[in-house]
Ligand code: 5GP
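Shown below, as structure tokens, is a lone chain in the form predicted on its own; questions about how it binds or moves come after it.
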Amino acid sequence: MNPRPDPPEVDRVAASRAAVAARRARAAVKHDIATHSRTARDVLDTAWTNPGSAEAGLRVRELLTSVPTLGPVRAAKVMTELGIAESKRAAGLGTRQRSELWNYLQGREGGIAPGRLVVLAGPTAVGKGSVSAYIREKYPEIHLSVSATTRPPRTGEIDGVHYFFVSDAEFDRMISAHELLEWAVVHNSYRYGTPRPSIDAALEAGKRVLLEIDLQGARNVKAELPSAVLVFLLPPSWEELVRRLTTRGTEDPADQARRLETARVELAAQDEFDYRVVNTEVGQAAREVVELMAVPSHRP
């Protein structure tokens, strides 16, 4: 076997210079944290938004030990508690690790963190309402936006809790008064819209806001608020989606067929979303959505 040729001298020099520049850039980031010029959360946000940045290449251990009053011993303990390996870099953290590290730093650094809007969408009968209801019950600290709709309530639905059930005239008034963040006609029948005032107030207060809407609405919200995180809820299989729709008894056969046709189109759009969650079991899917709400707006 022929020995592997050594790289040209110019390549070694270029690589060495690049390594030195990267180390200096990371050192500058650590200095900014240590001197309170930047918070550790700001560094993480940059790392997760820009994988090619100096922040992304910073080891979590280095980031933590740069935080004033947080020494090596405490940093090591925190990483053990959060299940983060010694060699892990900021950009290499998984969703759960990002969420838990962000929450730890939020509690330590204090202040009101920017509010976060998460938009939950998915095809008909995938269980968006069930996941939202679980979050409403188990996570009262999360602000659940209530949509307005012109369709009549289904059995068990409560006005102001599940939806604001309004007339066509009232919906027209809300549009004219610019009270809706977005609105759309869904399934070629009724109109749905998102009242904006309560969302703006919750975000300004630093709260996590969950908005459960259809695909059209999710696109409109993203265009209006680019920082929103889009989560697509998927069924375990197409057969299970059909079963859920046909057994819930809220639509006649013609409406079911129309909704399934729409669902095929909606499923094809899942790559537009930042994250995907499979709704095999409502509680687990809800917990995954809540975890994503603690992560700054970025694609994984």
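Model, not experiment: these values are computed from the prediction. Position 1 is the first residue in the sequence shown; the rest follow in order.
Form predicted together with this ligand: not shown, discussed below.
Looking at 147-155, 94-102, 132-140, 225-233, which stretch has residues with any non-hydrogen atom within 4.5 Å of this ligand in the predicted bound form? Contact-bearing stretch, as computed: 147-155.
Looking in the predicted bound form, any heavy atom of residue 30 within 4.5 Å of this ligand? Result no; residue 30 lies far from this ligand in the predicted bound form.
Is there a heavy atom of residue 128 no more than 4.5 Å from a heavy atom of this ligand in the predicted bound form? So residue 128 counts as contacting this ligand.
Would residue 187 sit within 4.5 Å of this ligand in the predicted bound form, counting heavy atoms only? So residue 187 counts as contacting this ligand.
In the predicted bound form, does residue 90 come within 4.5 Å of this ligand, counting heavy atoms only? Residue 90: no contact with this ligand in the predicted bound form.
243, 59, 38, 259 - the one with a heavy atom within 4.5 Å of this ligand in the predicted bound form: Looking at 243, 59, 38, 259 one by one, just 259 meets the 4.5 Å heavy-atom criterion.
Which residues, if any, of 206-242 lie within 4.5 Å of this ligand in the predicted bound form when only heavy atoms count? Sequence-ordered list: 212, 213, 214, 217.
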